[in-house]
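As a starting point, one isolated chain is supplied in structure tokens, in the form predicted alone.
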């Protein structure tokens, strides 16, 4: 044997690719389980698409080249001169569009789907801006027409999903792009895109910053005043929304009128939510130009450390026009789960869970009793409990310490000798009682 010292590689974290210890991962899994239950309670079905899509498909979305991770084999054939054709998806909208077109004849419309997968973006990593992260998306897609009540269902679903995560009060801001784009048209603004993108920065740079930015785009004082008056409308009440719009003398424009009616309808349908849960905010535009109507952004009211939108989305006129000759309008919203989770964990808002998912630890009295202990564990698992069998016949004190370190709440003692019964120990109270693995249930 060689005396040469074996070389070792010192592991270091990869920036932008988070990983958690078991006690934190259990909390994240609990979040995902809760979100999944809420999604399914509204009839959304689960799909999962490959981690990769054709590179040309991803690039067709535009302005994302710098964020795309290309997939390529380290050792290619020498005669393979072709460029890499696969890349990791940077969101789940493009995969959904391709999936819907590909399986169009097998899907039932309106198609209600949810997707909870990792996505990858090659941006500068920082807290809350990871390169690899989970997104939890819901979308509803129709053929030719999609009823507006789905636009109201989205905030209701997301509010219920987030409200159950114990992260304080959540507020979903709703707007409609038709109102602002209609105003741009009425004001004679030929290219509304830079204007809408500037107004969308209201939360980041404030009203004064947006006003200066609009002036820098060459807008007149009158145009600027009209846009700012509209963008600063915030209200929970649909009638107040209509009155505020009317006070600006904008109601004559058909596009604006349509957008106001749609937004008022969404607000009306969400009256059952708490007062803080939903508000119309006319500065919300969303930067992606494929949104054509309702748009959403969401804020955590009680956690100021999280300054960006918790989840966002909106309505789009044609999801899969590049893939199929069908008109497929839709509406969707996405929770940036990892980004939200990472910021809250960093600021101490995530309470670590147990280091093990096991409900109980079955003690191993002696090696010759392993078969009986294993049978006890199987009987408890068959009744739905998560059970770990201790790995070695070590001292009882060591086995109990192991369970305590992992946060396992119950210790099961199979018979140590023939003729003895079973016992269970409650780690929270220290109580130890006789029990039958076929009938025992935890005391409340």
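Take the two forms, find the largest set of C-alpha atoms that superpose within 1.5 Å, and that set is the rigid core. Keep in mind it's a predicted model, so treat the numbers as computed, not measured. Residue numbers count along the first chain shown, from 1.
Another form, the form predicted in complex with the RNA, is not on view; read the next lines as being about it.
Taking the partner from elsewhere, no residue among 207, 211 and 351 has a non-hydrogen atom within 4.5 angstroms of the RNA in the predicted bound form. The closest heavy atom approach of residue 24 to the RNA in the predicted bound form falls outside 4.5 Å. When contacts are judged by a 4.5 Å heavy atom cut-off, residue 401 counts as touching the RNA in the predicted bound form. The RNA is not drawn, but in the predicted bound form it has no heavy atom within 4.5 Å of residue 178. Although the partner is absent here, residue 235 lies well away from the RNA in the predicted bound form, with no heavy atom inside 4.5 Å. Contact with the RNA, judged by heavy atoms within 4.5 Å in the predicted bound form, is confined among 159-167, 182-190, 97-105, 311-319 to 311-319.
Proximity to the RNA in the predicted bound form, defined as a heavy atom within 4.5 Å, singles out one entry of 112, 370, 242, 201, which is 201. A single residue from the set 226, 171, 135, 292 has any heavy atom within 4.5 angstroms of the RNA in the predicted bound form; that residue is 135. After superposition on the rigid core, displacement of the C-alpha of residue 217 between the shown form and the other one amounts to 2 Å or more.
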